[in-house]
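Given next, in structure tokens, is a single chain: the form predicted alone.
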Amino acid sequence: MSSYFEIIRAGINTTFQDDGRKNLYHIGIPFSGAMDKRNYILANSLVGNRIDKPVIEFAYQGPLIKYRGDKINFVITGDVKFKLIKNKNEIDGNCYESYTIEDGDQIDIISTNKSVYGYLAISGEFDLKFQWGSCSINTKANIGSNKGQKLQSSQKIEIQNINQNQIKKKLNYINTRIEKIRVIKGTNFDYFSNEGKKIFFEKEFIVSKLSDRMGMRLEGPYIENIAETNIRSEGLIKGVIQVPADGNPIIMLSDHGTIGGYPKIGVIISADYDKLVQLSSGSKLKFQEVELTDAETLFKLYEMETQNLISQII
């Protein structure tokens, strides 16, 4: 008996993601991969997978899917409202708790709660094609599994290598927000006036609706550039903050272009990236400067905290 998901409703931005692609910037290919790395890792851990296995990532509204096949466990991570439908009975689901689904059951991922991304992992493997060592979908470049496209309604997702050790697991974890997003100075920090730098670190910015997996546009007070508002295109990295001529910052996210010609005022530290991407449009944020050595220490602490959470799964 084959096992598969049938997508009844695809959701707003539903894709396959994994750990992403490495060392391809030189040919214009960004990392991609799961936006919220911690929730991605926890999803795989809660169903007994290796932490780098592909999952379904969704934004705002997730998919409604029907399962066909042998029983299997699934889990949803993030701050998500969802239901498990068994024989027309609706069961309210809890994030970070695995559930068993059987032939004919449905999972209705209704919405994320004041956040953006959530993750669905299964105790098995999605039958996917890999490109450059990853199944991660980048819809801007049509790269990855599913022909580089979002998942569509009526699509079938084949499942293989179901894990027979289907012990239910859970984790007591609550997603939290931090008051300020920490950054290190960018390579063009001195292009901006003293007043512009002060505004960047002291004033509040709002996440605009013009945000996706490629980048996050912010709205706020004007950040003055006293040098050049356009520069010769240079390499970009995930989390770098560019400031175009209009003075409103743009943060490069996981599917970002690999070169750009706007001055770079700062870079989000890796330890705060998960919190940043979960800020929905209309959210307010402030930036706080840290030194590079502090950013390195904070990332080591972030990784230790993630491993500690994995060890708390029961």
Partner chain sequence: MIKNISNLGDAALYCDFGKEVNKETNSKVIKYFKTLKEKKVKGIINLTPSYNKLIISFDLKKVNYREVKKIVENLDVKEIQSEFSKKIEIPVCCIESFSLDIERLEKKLSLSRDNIYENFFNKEYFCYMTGFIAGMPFLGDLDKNMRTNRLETPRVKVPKGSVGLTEQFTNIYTFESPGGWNIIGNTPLEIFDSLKIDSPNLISPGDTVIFKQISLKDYKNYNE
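Source: prediction; values computed, not measured. Residue numbers count along the first chain shown, from 1.
Although it is not shown, the form predicted in complex with the partner chain is what the next lines describe.
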### Query
For L24, is any heavy atom within 4.5 Å of the partner chain in the model of the complex, or not?
yes
### Query
With a 4.5 Å heavy atom cut-off, would you call Y222 a contact of the partner chain in the model of the complex?
no
### Task
Using the partner position in the model of the complex, report whether V47 sits within 4.5 Å of the partner chain, counting heavy atoms only.
no
### Query
Closest heavy atom of L171 to the partner chain in the model of the complex, within 4.5 Å or not?
no
### Query
Of these, Q288, T258, S283, N248, which has a heavy atom no more than 4.5 Å from the partner chain in the model of the complex?
T258
### Task
Quick one: from L84, I184, I199, I110, grab the residue that has a heavy atom within 4.5 Å of the partner chain in the model of the complex.
I184
### Query
Looking at 110-118, 203-211, 131-139, 158-166, which lies within 4.5 angstroms of the partner chain in the model of the complex, counting heavy atoms?
131-139
### Message
Going through 297-314, which residues have a heavy atom within 4.5 Å of the partner chain in the model of the complex? Please give them in sequence order.
### Response
F299, E303
